[in-house]
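Below you will find one chain, with nothing else, as structure tokens; this is the form predicted alone, and questions on how it binds or moves follow later.
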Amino acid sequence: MKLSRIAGLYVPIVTILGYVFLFAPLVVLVIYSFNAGRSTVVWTGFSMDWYVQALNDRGLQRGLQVSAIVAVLSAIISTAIGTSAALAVIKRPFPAKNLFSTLLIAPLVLPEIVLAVGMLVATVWSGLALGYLTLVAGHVLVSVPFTFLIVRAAAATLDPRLDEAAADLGAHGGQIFMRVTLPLLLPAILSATLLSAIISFDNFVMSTFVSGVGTTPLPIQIYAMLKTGLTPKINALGTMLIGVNVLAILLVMGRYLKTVRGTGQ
């Protein structure tokens, strides 16, 4: 009986410890974002001043703007490339298909710093100036494998008879894609887009090598601030980003629950 009880408690205890391990640093970050002093480990009182300073910091504003622009552009481009490649692999027979798929996911197994150095060398060789173009290109290189794998997994579950039925009803290739394939793949495409945007927004290694003057992303801007001393201003910025993420999750979950209730009725 004792062993069975211990075995029964093992899963919930490990689960709780896992959640504590994941979220305890975030809780500490949020708490010390309201600290009145400059210390991030010694509590001296409650204050909202660090939020005001974070919102008024020109460097953080510029870094956030650059990261948002690059994340949106790279997410759109990488999703378009990954979706096209996934549909080609699943729906079209062509020579060296396996080699093509392997090359697309190769950046996943290569160290990102190797990709970043290669991207920098290619940029210098081509004579391009470091800036938005190189940032977006580098982030697309890192994100395409994820979008390709997500959409390919979803496309592999589609019944090919749906395309044949649409063609028998007179639909051409574009209509089949827009009215049959795209609606079925839309959840996977949206997931791939969000994931690639998050990967781009958080990227540090590639951004370090391919960012130029005036296009410093937020992670590099925060790292530069750490060199001069860690203050609760960074905690405040992190707390605001956490709040945005939680709000986005609540909005998505709200729409999902409404959809589920609507289909249930």
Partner chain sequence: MPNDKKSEPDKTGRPAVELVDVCKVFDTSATPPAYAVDHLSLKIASGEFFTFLGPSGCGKTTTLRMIAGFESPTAGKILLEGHDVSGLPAHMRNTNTVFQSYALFPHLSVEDNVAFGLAVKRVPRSERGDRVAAALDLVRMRHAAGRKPSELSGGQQQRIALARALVNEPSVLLLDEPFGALDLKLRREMQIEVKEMQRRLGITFIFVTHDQEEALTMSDRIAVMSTGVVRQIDDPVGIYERPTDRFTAGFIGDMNMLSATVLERQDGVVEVLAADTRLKLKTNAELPAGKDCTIAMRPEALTFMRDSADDAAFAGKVESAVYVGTDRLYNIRLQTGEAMTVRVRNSRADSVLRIGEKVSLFCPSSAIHLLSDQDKK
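Numbering follows the first chain given and starts at 1. All values derive from a computational prediction rather than experimental measurement.
One more form of this protein exists, namely the form predicted together with its partner chain; it is left out here, but the text below deals with it.
With the partner omitted here, the stretch from 83-91, 166-174, 99-107, 131-139 that lies within 4.5 Å of its partner chain by heavy atoms in the predicted complex is 166-174. Taking the partner from the other structure, its partner chain in the predicted complex has no heavy atom within 4.5 Å of any heavy atom of P111. In the predicted complex, P183 approaches its partner chain with a heavy atom inside 4.5 Å. Contact annotation for L162: at least one heavy atom lies within 4.5 Å of its partner chain in the predicted complex.
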